[in-house]
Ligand code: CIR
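Given as structure tokens, the chain that follows is alone and in the form predicted on its own.
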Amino acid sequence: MLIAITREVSRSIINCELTHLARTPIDVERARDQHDQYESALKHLGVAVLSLPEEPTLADSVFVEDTALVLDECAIILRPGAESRRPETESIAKILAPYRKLFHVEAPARVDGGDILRVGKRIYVGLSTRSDTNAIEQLQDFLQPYGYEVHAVMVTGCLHLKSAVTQVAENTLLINPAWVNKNNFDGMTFIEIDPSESYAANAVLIGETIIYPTSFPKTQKKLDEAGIKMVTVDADELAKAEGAVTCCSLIFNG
């Protein structure tokens, strides 16, 4: 069974880290309603949701994806690029310990889970303002014994690699080619976002269905035309904190 670790939206999300977006007011209750909708979508797709209580003093803690990489063989506790987010990893490590052997990315390396895209045995890691080559080297050391290949990918114009590209089918990536180069992903088929919807490349793949935001109707139409099955959710309030649908869960085989 698939398990998704999620965390309630923090009351302090109004003080979230921002890199590429201007700060705008965030309605905490609306963000929580949207997060509930997201958890319902996961459950609808057969995922067991392990929902953690809010961390009142950790503004970005709803975005649990940035704290860890969970694979079938192990889990890696990451070291987020923003110093304010590093305390988030302690509780996640405790939750994951019963499920997986744990590795820990060590200082001075820094890497957010939003910069890590797994496609089969290939692990793509974005070189962004939040993730660096030191972390990539550590990930390769951890994962090489399990047969994974780790590839560095340059990211421009956005916060994370998965702001620019995510997997939407077995061999298909949804991509914003303005932010990441297709040539990084050998052997893949691509669906390009509508150019008017820069942030539309983020989707969560569960089995053969994606969870996708309602905010990008033009790209959603392209996905429909490509035969991609989807469950849509509202996520525009969380997006004000530079979050997206992949950010809000850690999904793994239980």
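One-based numbering along the sequence shown. In this text, all values refer to a predicted model and were calculated from it rather than measured experimentally.
The same protein has a further form, the form predicted in complex with the ligand, not shown here; the description that follows concerns it.
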| property | result |
| --- | --- |
| Stretch in contact, per heavy atom within 4.5 angstroms of the ligand in the predicted complex, of 157 to 165, 177 to 185, 142 to 150, 97 to 105 | 157 to 165 |
| Output flag, Glu17, Phe63 and Cys247 jointly within 4.5 Å of the ligand in the predicted complex, heavy atom basis | yes |
| Contact test in the predicted complex: Ala241 vs the ligand, heavy atoms, 4.5 Å | yes |
| Close approach of Gly126 to the ligand in the predicted complex, 4.5 Å, heavy atom | no |
| Partner contact for Arg85 in the predicted complex: the ligand, 4.5 angstroms, heavy atom | yes |
| Partner contact for Arg130 in the predicted complex: the ligand, 4.5 angstroms, heavy atom | yes |
| Contacts with the ligand in the predicted complex - residues in 21 to 51 whose heavy atoms fall within 4.5 Å | none |
